[in-house]
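First, one chain by itself: the form predicted on its own, in structure tokens.
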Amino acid sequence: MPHTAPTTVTSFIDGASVAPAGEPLPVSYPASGERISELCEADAAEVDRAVSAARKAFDHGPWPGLATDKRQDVLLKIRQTVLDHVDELALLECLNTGLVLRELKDRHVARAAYNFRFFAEFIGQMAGQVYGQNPAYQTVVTREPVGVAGLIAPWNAPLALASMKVAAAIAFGNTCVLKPSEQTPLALARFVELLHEAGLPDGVVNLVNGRGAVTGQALVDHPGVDLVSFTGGTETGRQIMASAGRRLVPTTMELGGKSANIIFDSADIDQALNGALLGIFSNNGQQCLAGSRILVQRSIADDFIDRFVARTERIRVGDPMADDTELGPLASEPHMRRVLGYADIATSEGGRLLTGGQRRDDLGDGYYVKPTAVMAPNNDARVCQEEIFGPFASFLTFDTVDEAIALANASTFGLVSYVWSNDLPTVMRATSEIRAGVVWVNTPMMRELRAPFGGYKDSGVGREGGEACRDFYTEPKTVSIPTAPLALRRLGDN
């Protein structure tokens, strides 16, 4: 298997790669299980160096005070540099994640580039506020960057999701320290190098690598970090938020999901079928916004589920670098075994395995599984309540709109939901009453960066998006100025 993975991945601090040190951690290619690189874990001292570099760049560097058009120039240069290296970045991401190379080129790297274009355009349209209702004063509200951001990215779509955080943080004048997952450091290590090749000043973006309990904890606890943005699992999010809260550090948390994908009998069934398959099996099924609970109205359930299963069994599972592959391997062997374990959990609770639930041993030592679907006994089953985070769909049936909405909301999560119906009253009722941060109607996943993205309940705190990121990565400052000299009371002047 040809690849260009670096032998060793280290931190990148103050514009330069750090010499190898720290505990070595293996980096593997999920399609073969082969060890392809080694990660040098950053300890608390190395994290301190990274935060200190970011602090210096914020307190004394040009970036926070740079004119908006100058910052826009750098962001747009970064966008072009990412696009110029699309093949390189996609290959590194594929080697690390096992995601389909074609999808990485067309969607993930393209999205990373667009993130910088979007925020370059957004900051060019920002405006302050002026209040003149009190004729004696003019009150002006401006926004200033907060400081040093600790950005913690997940392993399931490292480049697309980390670049969103980086682009937002630096667009508003902050500096940052980025910590990828220890499983997937390759593309982001090269990405941070490319930021500097595009002209980003030293210290504005720093990279540290390592496990959450070591590197991540040191970053969250560091007194030089002013805010933390995390995307990942709910339990880890709770720990990070608790640690940050002890220092009153603001956080955004994009966490887990168990999203309901509701198929009403008033839907375009062919479109709904295509959307349901994409909603659970794209990105190798490893995405927090997957439509993993598929609720189908009873009058169409048998036909819809039969067609879903037939299509699932024809999904092309294989080499993520092959042009015709639709589903690659899962990210790691422990994760593969966890996902497959839910097939036994489903049957032990009275569910019925419809298809899949097994490893694809015919594809070598990679972490390949058969895409899986189960008929759940009820919504209380673990396969309907716990985030599996793989190509694993759980089916339930319902009779009425009331029942569908109740099932959708009977979850500790509330990230996204999908509604398939061509009946306007049904759509309006569902979108109004579903307790989720995002509701997609008659469409699979789409991301409108201008709009807030985030979840209710255990799916997170805060939002990402244009104005949401502005509110998080800037501090509002209110300045009141008298419009004429004031006649002040003269205390103590007898």
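As the structure is a prediction and not an experimental result, all values here were calculated from the model. Just count from 1 along the sequence shown to find any residue number.
Although not depicted, the form predicted together with a small molecule is the subject of the following passage.
Sort through 191, 420, 230, 367 and report the residue having a heavy atom within 4.5 Å of the small molecule in the predicted complex. Residue within 4.5 Å of the partner: 230.
Have a look at 103, 319, 387, 226 for me and say which one sits with a heavy atom within 4.5 Å of the small molecule in the predicted complex. For this set of options, the contacting one is 387.
Heavy atoms within 4.5 Å of the small molecule in the predicted complex: which stretch among 371-379, 92-100, 239-247, 68-76? Stretch with heavy atoms near the partner: 239-247.
If you check in the predicted complex, is residue 293 within 4.5 Å of the small molecule, heavy atoms only? So residue 293 does not count as contacting the small molecule.
For residue 181, is any heavy atom within 4.5 Å of the small molecule in the predicted complex, or not? Within the cut-off, so yes.
Can you check whether residue 114 is within 4.5 Å of the small molecule in the predicted complex, heavy atom basis? Residue 114: no, not in contact with the small molecule in the predicted complex.
Does residue 327 reach the small molecule in the predicted complex if we count a contact as any heavy atom within 4.5 Å? No, residue 327 sits far enough from the small molecule in the predicted complex that none of its heavy atoms falls within 4.5 Å.
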